[in-house]
Every structure is written in structure tokens, then in C-alpha cells.
Ligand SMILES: Cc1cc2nc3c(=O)[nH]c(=O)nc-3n(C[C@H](O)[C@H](O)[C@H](O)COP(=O)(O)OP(=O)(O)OC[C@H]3O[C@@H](n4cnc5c(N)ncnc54)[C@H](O)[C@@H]3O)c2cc1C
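A single chain, nothing else alongside it, follows as C-alpha cells in the form predicted on its own.
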């Protein structure tokens, strides 16, 4: 590392974007301090540890590790040497409440066999789907890897060349109709819109690449859970000289004129040449930046934006194992359209919710005491709304979900539970400081993507850079890591290398 006096950067938040930023900034020679309001590393990719059980709070698998490989390589490390991961195959089971199931296989011939049980013609079209999305990702990757500070950025050759492949006027489900006629097959290739907290019937067709990435690059489980990757990233950053301050909420940003000059916390002041903000965008703006200093993002504008759904979470430590339940299971409601409309339009609890279950202990014996295992349950629900009062609904809804879990093979689950933690949208809002409890940040509709998403170089406040799911390129671990690369590159352009 350089020995001369380096510029100081404060990173607010030790989530995946903040950790990747800290690693990259330090590799460029900056003095870096990471300040985290919680007592643990990881943010929404944190962990719960209790009674010998360990759960990821949010993301439960790694997808498209290429970006994180590049982050580690920039710091002289090899991701696969630093973080043990196992490839999950079958990647997941998609169970349809109206009958049938598909086991998503990494081998395309095996996957065609799965699809052929529903539609032989759709099975024949799988290679066409893969080829289409190979080209789509190749065209769109340069768009994801660069900032969008100006509307003129749409005129970049990489953007103009990508538009015909992106088909922005189509929804994800409609785009998949070009390849798959059976609605259940389309659902198996579009439920991934929930990774963004969106509906496949409204999500832009670009995001067909989400399922494609699973088949092309695999679904990976880090031993000990995704938070172990965050822990290793923090360890590497510390080894390289990054300072971490945990359990120290930032109370406000400091300014010299219009330019950010550091942060204040409950324990002190940190002067900086630049600040990287890895907190939830909407909540951090309203909490930390005076409204007069962000005319482009007033409280009214922030409130008017579209936000993702939230999630009802159940973290269950159980005695025994369910060896016949796959690592990942997605239960899709019989009337999926109504279920989605309940969440996004009516903003009410569905009578027939879809859900996701992780039974990771079948591949990882480090998550629970001997003879025990962990079950992680995620149910998409509306974000904070006046129509749902979780203080009254939590117990009833949990009872209902326990009954629905029997549909995916978790018979007698409640009797086996020895540890239970439930997180509602209120918990996401209050405990993790997420605006409206919208677990996946701002929605990814066309009016909130690229230039229309908060910029990595936050133009209203010189010296302030954004990373995380609330800025460009968006939510999901690979693109969050990409946001760190973009913002680090912008800082080096603005301040010069340390």
C-alpha cells in the first residue's frame, strides 16, 4: 500500500456494496473507514445466530460470481480460494399449487426433460431462449458496467446497440411467450422477478437474464451462508488497512458549503474527502441529508417513487431434518396473477401467497447443532401500507404460512421448531432502516432505471457517492457489487488516485 498521505473516504454501511467499495478503495490507496449502525457486518446480507442456529437475513445464494471475482482480483485475491462455495444442483424445485413441479437443472438436456413433461415444444425452444439471453447479456453488460449521469449517456454506442435486444416495451412474461407457451414453464423462468421485488407481468423484459444467469453460471451456496462471504470481505478489508466502526449510527453528513466533508455519529466526527453511502437510499436521504441540499430528490419526490414489495420472513431452527425437501423450493400460487395483484395493486395479504423455502442443511451441516437443521421462509407481501397492521396480523399470518408449508413437504413442521424468529415489513423498516420496509429498494420499472435511478455520483451533493441496490445498476448482489466498481471509478476520476 502507498506510504504517502492518502485521501480519506468514509463508507456508510457495511452491506455488500459498502464492503466491495471498501476493498476497492483501499486497493487504490485511499484511507477508508467503514461506519455501520448495526453490530454485525452485512446489512441485508447479514446473519442471525441464536441457539446454535445460523441464518442468512436476506440473500441465500450467490448468482453470477463474475463481478465479485473481479472485486477480489483487484485486491490480489481469488474468490474461490477465499470463500468455499458448493454448486447447488438441482438449483431449485418450482412447485405449482395447481399441480406438477419442475426441478431446475444446470444440465440443459436434463432441464429439457423436465420441461417436456409440461410442453415438448417448450423443451425444444430452451436452446433458443439460452441463445437469445446470451446475446442480450453481452449487449447489456456494458450498460450495467457504466454510470448514467446524463440523458446523453443513452446515446453511447453500447446503449444504442442494446436497445433492440432489450425490447423495453414488453414485460418479462410477454417476452418469454416467444419461447414458452405453457404458463407454468414461463413462471419457472420468471419468478426470479421477485429477486427485484417485482411482478413478472410488469417487470421489464430485460430481466429474463436473471433466470438465464442461473442456468449459465449456476447457483452457489457459500458454506455457512452468504453472510460468510461478507465476513471474508470485511476480513480482507481489515487485513489491507480498512478501519471498521460497528454499532455506530451516522446521525448526519457534514458539509463545507455544498460539498460533503465527512459524517457525524453518536460517538464522534469523521472528516473525509468523499463519502460513500451504502445505506438504504430513500431512508438515508430523508434522515441524513438536509432537504435543501438535495433539490433533485425532495422528500415529496422520494415519497412519490415506486417501491418494491416487502417480505414476511420466518427463520426456523428445527429438531430433525427434511432430507426429501430440496435446498431451494419455490411454491407458486394456483392463481399467481391474483397473488401478485394483491401485493402490488390491492396492497393486501393474499389468501393464496406464493413463497420460497430454503432447506440449506441438506448441503451444509454448519448451520445447526447435530441432529437439527434450519428452515428459511420468505413470503412476498406489500411494503408498508395503512391497510395491514402487523401487530395484529403476524401471529395469524404465521399460522397460515405453517399450513401452506405442508404443500412443499414440510409436514409437522411446527412441532419440530425449537427456534423461531419472524420479521415483517415493520421489522425491515425499524430494525434495518429500510424505507417503507421495501426489502428490494426502488422498483426497477423503466422510469426508475439507468439515468432515472439515483446516480452513483450523487449530483446534488459533491463528494457523495452511492452504492447498493437503491442506485444504478440496481438490486441483487452482482449488480450491487457492480455499483461499487462504478462509484470507485468515478471517485478516482474526480479526486485522482490516492
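Positions refer to the first chain, counted from 1. Just so it is clear, the model here is predicted, and its values are computed rather than measured.
Keep in mind that the form predicted in complex with the ligand is missing from the display, and what follows is about it.
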Only one of 66 to 74, 429 to 437, 452 to 460, 25 to 33 has residues with a heavy atom within 4.5 Å of the ligand in the model of the complex, and that stretch is 429 to 437
Open item on the list: Under a 4.5 Å heavy atom criterion, is residue 313 part of the interface with the ligand in the model of the complex?
Closed with: yes
Does the ligand come within 4.5 Å of any heavy atom of residue 288 in the model of the complex? yes
- Task: Answer for residue 54 alone: is it within 4.5 Å of the ligand in the model of the complex, judged on heavy atom distances?
- Result: no
Flag residue 473 as yes or no: does it have a non-hydrogen atom within 4.5 angstroms of any non-hydrogen atom of the ligand in the model of the complex?
-> no
Students should find that, of 233, 330, 279, 375, the residue having a non-hydrogen atom no more than 4.5 angstroms from the ligand in the model of the complex is 279
In this chain shown alone, the residue from 84, 249, 409, 142 with a heavy atom within 4.5 Å of the ligand in the model of the complex is 249
Restricting to 43 to 61, the residues within 4.5 Å of the ligand in the model of the complex through any heavy atom are 43, 44, 45, 57, 58, 59, 60, 61
